[in-house]
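Next up is one chain by itself, shown in structure tokens, the form predicted on its own.
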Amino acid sequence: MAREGSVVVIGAGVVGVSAAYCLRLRGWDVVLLDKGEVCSGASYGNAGFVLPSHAVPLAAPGVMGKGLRWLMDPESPFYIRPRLDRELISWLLRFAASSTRAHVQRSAPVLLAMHRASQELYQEWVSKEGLDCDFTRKGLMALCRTASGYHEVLEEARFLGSLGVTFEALDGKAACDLEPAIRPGMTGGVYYPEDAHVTPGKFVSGLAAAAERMGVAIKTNTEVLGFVTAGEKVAAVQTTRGDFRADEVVLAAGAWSPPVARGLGLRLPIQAAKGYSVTTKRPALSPSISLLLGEARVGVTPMGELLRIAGTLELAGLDLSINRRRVDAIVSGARAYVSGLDDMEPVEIWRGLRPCTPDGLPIIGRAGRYRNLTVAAGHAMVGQSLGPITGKIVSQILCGEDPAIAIAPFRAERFQ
């Protein structure tokens, strides 16, 4: 069912662009705003994973314990910059309370359905729009050097298998046979054949260009300053380039969603988690499938003629500075698992802020006292994978339809 109306989408990352594209398909007049360029945030330099195998939320048993052990190590996979911040402390307490087996068992089936639906949309949109984005479905291997690491990833694989995820447990030799770029001496790995990867910047920019050809008005370098409200409705979005009036407003600004939402009296418990990536020319001996390096918590993704190494989760607020020690740590971590990286030719060092909620689930749906405001944010490290289906769900909400996937676990009110 198409619907006529106007909508302003705030945020031109993978979620906002997907929402704008889907809304335009449904007949909406769409304005897409971003304070920077299209895909200039976390959607640009991430690992590009499209992963049914990542159905376990960030808030899971054991995560907090590992984080505390790594807390004061600036080179660790998970780092919290020490600071007195009431919102961070509240977030950490909520995160600890959510990191239970019961939470994982409730959340994983819904996240799995989201990932699978999103992967179908990737295939559909790439084909329909002719997107040149290196979308490849060759699977992913979670690779481990130690017996304890292998036990951990195998335990998670068996849980996912109980939900219907296909996997193959591999010993060290079988892992090297499947991916010759792996260094000898690995304990083992788990291969997920359903998984895919994409060059994220190419995908988001290509989809934005397709949306613009369809009539979406894209306004870059347009920062939101506030809102004009009328009763229970947002009447206009105030920006550095004037006011934009609309029947509906979608907030999809990633890690920057909380400060924007405060202009409407809405508090979103989202913490910015900085991640880094190093993109290099693809070496002669290069992985042909995506790798998740277990103990190092590093992702390695082939992207056309390039190879990307990505990792770390750094809770440091809205801080985009580059900590070179952390960059070097993910590269050295990758070298311990993958051959051919000793003479890398770096093309780009990148950092971005991933939006993390305390229960590891995104916020999707109507929010606050305003009947025409929809929030789509808080996707943590899986925003690239969940972006398309989130955009489709947003369009269904605005069209007054029941979403394709039940979104009750994602409602904003769960934090009240």
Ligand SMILES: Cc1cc2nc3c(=O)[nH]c(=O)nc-3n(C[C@H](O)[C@H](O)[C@H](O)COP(=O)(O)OP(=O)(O)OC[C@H]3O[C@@H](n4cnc5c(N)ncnc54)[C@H](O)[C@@H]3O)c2cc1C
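This is a predicted model, so every value here is computed, not measured. Residues carry their position along the shown sequence, with the first being 1.
The form predicted in complex with the ligand is left out here; the points below concern that form.
Proximity of 143, 145 and 333 to the ligand in the predicted complex is absent: no residue of the three has a non-hydrogen atom within 4.5 angstroms. Looking at 90 to 98, 174 to 182, 268 to 276, 160 to 168, the stretch with residues near the ligand in the predicted complex, meaning non-hydrogen atoms within 4.5 angstroms, turns out to be 268 to 276. Taking the partner from elsewhere, residue 136 is found to have every heavy atom lying beyond 4.5 Å of the ligand in the predicted complex. In the predicted complex, the ligand lies within 4.5 Å of some heavy atom of residue 310. The closest heavy atom approach of residue 341 to the ligand in the predicted complex falls outside 4.5 Å.
In the predicted complex, no heavy atom of residue 57 sits within 4.5 Å of the ligand. Proximity to the ligand in the predicted complex, defined as a heavy atom within 4.5 Å, holds among 362, 41, 52, 391 only for 41. Exactly one listed residue, out of 253, 293, 207, 250, brings a non-hydrogen atom to within 4.5 Å of the ligand in the predicted complex: 253. Counting a residue when any of its non-hydrogen atoms is within 4.5 Å of the ligand in the predicted complex, the hits in 371 to 399 run 379, 380, 381, 382, 383, 384, 385.
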